[in-house]
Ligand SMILES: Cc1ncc(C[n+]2csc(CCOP(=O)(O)OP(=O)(O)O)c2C)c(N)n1
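Shown below, as structure tokens, is a lone chain in the form predicted on its own; questions about how it binds or moves come after it.
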């Protein structure tokens, strides 16, 4: 057996993958019960592509996610109760309940709050990587986005800048073959989106995004290379979201056969089997992890539902920076 991280870390990674899956399914259920407003953007089925890259980062490294990157936050070890408060838009969330329920961000762990504009987080992540280079820091930025974002102008501007300056950044594209309700074949004539990286002078790799061990190996190599000054990498993870664009989208534009095909390629049971087959985890440990996760999710829901909503006048706060020596 050849693993790229310590066996104990592989077990820890399993916990974060399962926490992301169970948290996500719980949030879907809570939305259907009208326990919070707005909508909810599930990423069930795509967990390997978000949890794994964030899990490999240090606290100081920066994550620039989009609105569907619950796993990127959990993999970066953002507390579940903070994330649930964000979904509930409560005052105890990182943005004090002022943004959309799924705009997860957490400054203490360097997770940038997503912008609402598709692909804008790619620019922010690239800017953070430029900052690391200017300051001479050995840190890395990881930006997450979907296949639809690669058709946006700011995506190309950001990758061009990163290629020119050889920035310490890894771009993770979650190609789930649908940009909301638009199929990939109507977005681009490309088969592999990683081919786009050729135009900007750095490597592009396409992989099975549902293979946890493959995602782990590929992302670790790219992150290590970026940290050592080797420049950016574009990784296309081919994966699938099981549900609609959001919980108000029945996604009936997809065939049942297509959805069923991808559900049979669920990354988490496959990873669990890998760990059991290689005696890296026991069934007793899996049961213990499941109990721990259930307790943490229950506590997160209780925390969010007992937290206050922000007051209307608080919308005028935090518009300008009020601290610092020149204030």
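Positions refer to the first chain, counted from 1. Everything quoted here is computed from the prediction, not taken from an experiment.
Another form, the form predicted in complex with the ligand, is not on view; read the next lines as being about it.
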query: Is residue 195 a contact residue for the ligand in the predicted bound form, using a 4.5 Å heavy atom cut-off?
result: no
message: So in the predicted bound form, is the ligand close enough to residue 160 to count as touching (4.5 Å, heavy atoms)?
response: no
query: in the predicted bound form, does residue 176 have a heavy atom within 4.5 Å of the ligand?
result: yes
task: Please run the contact check for residue 180 against the ligand in the predicted bound form: heavy atoms, 4.5 angstroms, yes or no?
output: yes
- request: Given that the partner is absent here, state which listed stretch (29 to 37, 65 to 73, 281 to 289, 297 to 305) has heavy atoms within 4.5 Å of the ligand in the predicted bound form.
  value: 65 to 73
query: Of 223, 118, 123, 83, which one comes within 4.5 Å of the ligand in the predicted bound form, counting heavy atoms only?
result: 118
- request: Report the residue, out of 101, 231, 148, 94, that has at least one non-hydrogen atom within 4.5 angstroms of the ligand in the predicted bound form.
  value: 148
